[in-house]
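To begin, one chain is listed below as structure tokens, in the form predicted on its own.
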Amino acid sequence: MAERAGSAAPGQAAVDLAGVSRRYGDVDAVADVSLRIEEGEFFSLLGPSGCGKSTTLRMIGGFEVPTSGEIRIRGVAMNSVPPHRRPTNMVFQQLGLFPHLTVFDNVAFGLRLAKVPRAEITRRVARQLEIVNLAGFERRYPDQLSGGQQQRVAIARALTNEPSVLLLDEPLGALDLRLRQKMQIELKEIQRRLNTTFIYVTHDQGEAFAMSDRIGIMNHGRLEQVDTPRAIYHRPATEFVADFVGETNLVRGKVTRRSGDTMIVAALGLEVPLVASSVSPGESVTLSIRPEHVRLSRIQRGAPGMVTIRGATFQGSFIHYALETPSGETISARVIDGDASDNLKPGDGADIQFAVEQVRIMG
């Protein structure tokens, strides 16, 4: 059973990874990851399957040993510390509840192995079941619970030994969409009430965005960007992040001239004024433009259109347009239902503009 560590010293990270790598033969599953996770933070590792996020989590928990680099929890080096001696606990997608044990006994299982006194077990289990909103369910068995309730039992069991850091490896992946969304709210509320550091692994960006204080985006074993959900969405650091998170148009262009703090980029037949960067006139750039930042306006029938509507899909609160440019490129626009331009039909011509303050230069 993991030991409870004392509170972090002022300015000390809950978890610190310094140049951590994990190599399997000739493959770098995790490559030179350095990361600082703060005390009481809900931090998510997000990325596609095989990007190294679960391997990173397992190294923090001690289930994998780094090939190089150092892992510290509250300032203490952990590389040689086995999982059961670390101040962490882990919740997996496969919950591992004992079907023959009641909710109380499932949650109390680890405490009994550690020979915690009976009165203390009763107190801790009651507290955790109250936190996960399962007070009164003590005598039920796992098969008498819903999927979300079983998930909360697994979380309560992981929290009974009061770990400094709770590690969660895609724990909501087996739930249906509605229940998963409900559990996201509940999980964030549990973390907020406990003020325990949560490190959460997922490939579902909506899940990560809904719960996380910060997110680390991983790709091919490397961290591409670490920031708040809002910053990652609006200010992606790389083409991979821009393309992986949400939906974006990656548009090729060329810097034509600079004037003071502004540079002009020729793209999609437009001259797009942007805040000047280090790119020089004549250099090619890639622009990241979110579909909701593409503005459309109808043009007169027969007039040459900047773009042609090739598809219009109603998606509830907005309409998603597929647009073809004169050069044959396809880009997307997302228009709020009820907007003046929401009645465009396939085959119509339209002028486009960009919310230039939202356009990102990817280099």
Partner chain sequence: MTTAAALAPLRQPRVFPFGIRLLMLPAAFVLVAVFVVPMVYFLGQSLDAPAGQRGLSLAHYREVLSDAYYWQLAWNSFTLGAMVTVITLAIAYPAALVMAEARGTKLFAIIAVATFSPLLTSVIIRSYGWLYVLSDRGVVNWFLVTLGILDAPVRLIFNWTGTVIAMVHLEMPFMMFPILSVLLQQPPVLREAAQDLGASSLQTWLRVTLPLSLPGIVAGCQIVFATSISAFASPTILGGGRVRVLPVSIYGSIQGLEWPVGAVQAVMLLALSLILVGVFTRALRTRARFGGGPR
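If you superpose the two forms and keep the largest set of C-alpha atoms that fall within 1.5 Å, you have the rigid core. Keep in mind that what you see is a predicted model, and the values were worked out from it rather than measured. Residue numbers count along the first chain shown, from 1.
Unshown form predicted in complex with the partner chain; subsequent notes refer to it.
Q: Here the chain is shown alone; which of K182, R235, R257, R139 has a heavy atom within 4.5 Å of the partner chain in the predicted bound form?
A: Checking each option against the partner chain in the predicted bound form, the one that comes within 4.5 Å is R139.
Q: Have a look at R252, R112, H220, R123 for me and say which one sits with a heavy atom within 4.5 Å of the partner chain in the predicted bound form.
A: The residue in contact is R112.
Q: Which of these stretches, 100-108, 73-81, 264-272, 203-211, has heavy atoms within 4.5 Å of the partner chain in the predicted bound form?
A: Residues of 100-108 come within 4.5 Å of the partner.
Q: So in the predicted bound form, is the partner chain close enough to G96 to count as touching (4.5 Å, heavy atoms)?
A: Yes, G96 is a contact residue.
Q: With the partner left out of view, is R58 within 4.5 angstroms of the partner chain in the predicted bound form by any non-hydrogen atom?
A: Yes, R58 lies within 4.5 Å of the partner chain in the predicted bound form.
Q: Is there a heavy atom of N89 no more than 4.5 Å from a heavy atom of the partner chain in the predicted bound form?
A: Yes, N89 sits close enough to the partner chain in the predicted bound form that at least one of its heavy atoms falls within 4.5 Å.
Q: Find out whether any non-hydrogen atom of F63 is located within 4.5 angstroms of the partner chain in the predicted bound form, and reply yes or no.
A: Yes, F63 is a contact residue.
Q: Suppose contact means a heavy atom within 4.5 Å; in the predicted bound form, does that hold for all of D143, R157 and N161 with the partner chain?
A: The answer is yes; D143, R157 and N161 each reach the partner chain.
Q: Does the C-alpha of Y141 move 2 Å or more between the shown form and the other one once the rigid core is lined up?
A: Y141: C-alpha displaced by 2 Å or more between the shown form and the other one.
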